[in-house]
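Only one chain is included here, represented as structure tokens and corresponding to the form predicted alone.
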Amino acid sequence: MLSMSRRKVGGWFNRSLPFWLILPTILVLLVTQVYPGIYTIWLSLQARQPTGWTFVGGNNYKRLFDMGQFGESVGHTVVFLVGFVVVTLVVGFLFALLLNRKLYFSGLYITLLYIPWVIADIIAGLVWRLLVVPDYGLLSGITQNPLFFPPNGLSILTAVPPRPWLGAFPFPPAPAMIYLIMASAWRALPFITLLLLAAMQTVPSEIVESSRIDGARGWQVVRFILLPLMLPTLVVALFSLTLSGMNGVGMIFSLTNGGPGTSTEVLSYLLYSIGWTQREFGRAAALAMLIAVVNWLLILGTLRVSRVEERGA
């Protein structure tokens, strides 16, 4: 009897061992992910009153949509994401093409390429801000020179946005937004370049050589050979850049602080402004839920593309 009971205990322990091994991870996820998510949902349905929190249903969402600042921030987010994604993908692809040519000291170039990736967003934003600070910025002598930017030069961080071409949609963007796109693309360039380089190096060299024998040259090889074979990776890079651009706030905080005016105030910075400047935590939670929905859609899209790539392989 004693041996049978020991077997039962030992069998139960062996069957439940995987659960006990992953239990610490489950607890960490519950504390850092599940509980904050549930609390944010609850907070988005509440309003702070002198007597405490009061349930207001969807009123926080209605107030958010009624804000003119919200619609303006959506436009700024679209402009920022399009510019950021296009610039990063194009420049990253060109850099990947160069590094794929087996250059001398290519290992050194890849190491130097990592420098922007290891710098924190706040520090990178401060560095780019110092470059164009009037009077002593490294680039201020160029940007404030009337010969390059007539008639009176250009102060990037304080220049008034041009008159919109499409109603209230903020295009063309303010100089500060263009500068922010450049800085953000520089920060994300290492990861995208190495991702595209890895995908480029998986393309069989026999296919490229065969296409060249058949008469394909230069851009034709890129267009008809590399791009189709790299398409799943390009789509994943597109989703990854959109996801990071949608949620990044450190670069904006340290570089433009949402200005001049509200010309660089994207949704992630508006969330910070509503929550920590205005102390409207219910409305901030409602905006956080909207951004979370967009994030979930982007993640699901990335997973779907990854599965299609695995089936194709």
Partner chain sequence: MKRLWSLSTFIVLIALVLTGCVAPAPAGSTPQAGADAGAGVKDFVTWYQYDQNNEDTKSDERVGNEYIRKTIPLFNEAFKGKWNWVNQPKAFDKMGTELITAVQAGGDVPDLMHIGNSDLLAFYQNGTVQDLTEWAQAQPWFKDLDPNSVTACQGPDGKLYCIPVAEAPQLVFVWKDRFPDGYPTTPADFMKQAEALKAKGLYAITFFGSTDYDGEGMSRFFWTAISSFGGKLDDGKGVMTLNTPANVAAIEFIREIVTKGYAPEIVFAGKFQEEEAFKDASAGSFPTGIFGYRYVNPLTAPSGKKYEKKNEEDMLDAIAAGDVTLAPFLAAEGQKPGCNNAVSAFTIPTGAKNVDAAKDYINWIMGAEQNPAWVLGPGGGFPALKSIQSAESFQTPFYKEAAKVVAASNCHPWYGSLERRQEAQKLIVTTIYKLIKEDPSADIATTLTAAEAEYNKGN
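These numbers come from a predicted model, not from an experiment. Superpose the two forms; the largest set of C-alphas matching within 1.5 Å is the rigid core. Numbering follows the first chain given and starts at 1.
Another form exists, predicted in complex with the partner chain; not displayed. Remarks below refer to it.
Taking non-hydrogen atoms only, N60 never approaches the partner chain to within 4.5 angstroms in the model of the complex. When contacts are judged by a 4.5 Å heavy atom cut-off, V133 counts as touching the partner chain in the model of the complex.
Contact check for P172: every heavy atom lies farther than 4.5 Å from the partner chain in the model of the complex. Taking the partner from the other structure, the partner chain in the model of the complex has no heavy atom within 4.5 Å of any heavy atom of V56. Along 265-280, residues E265, L270, Y272, S273, G275, W276, T277, Q278, R279, E280 each place a heavy atom within 4.5 Å of the partner chain in the model of the complex. Superposition of the core reveals a Cα shift of 2 Å or more for Y35 between the shown form and the other one. Once you line up the core between the shown form and the other one, the Cα of E209 stays within less than 2 Å of where it was. With a cut-off of 2 Å and the rigid core superposed, Y136 has a Cα displacement that reaches or exceeds the cut-off between the shown form and the other one.
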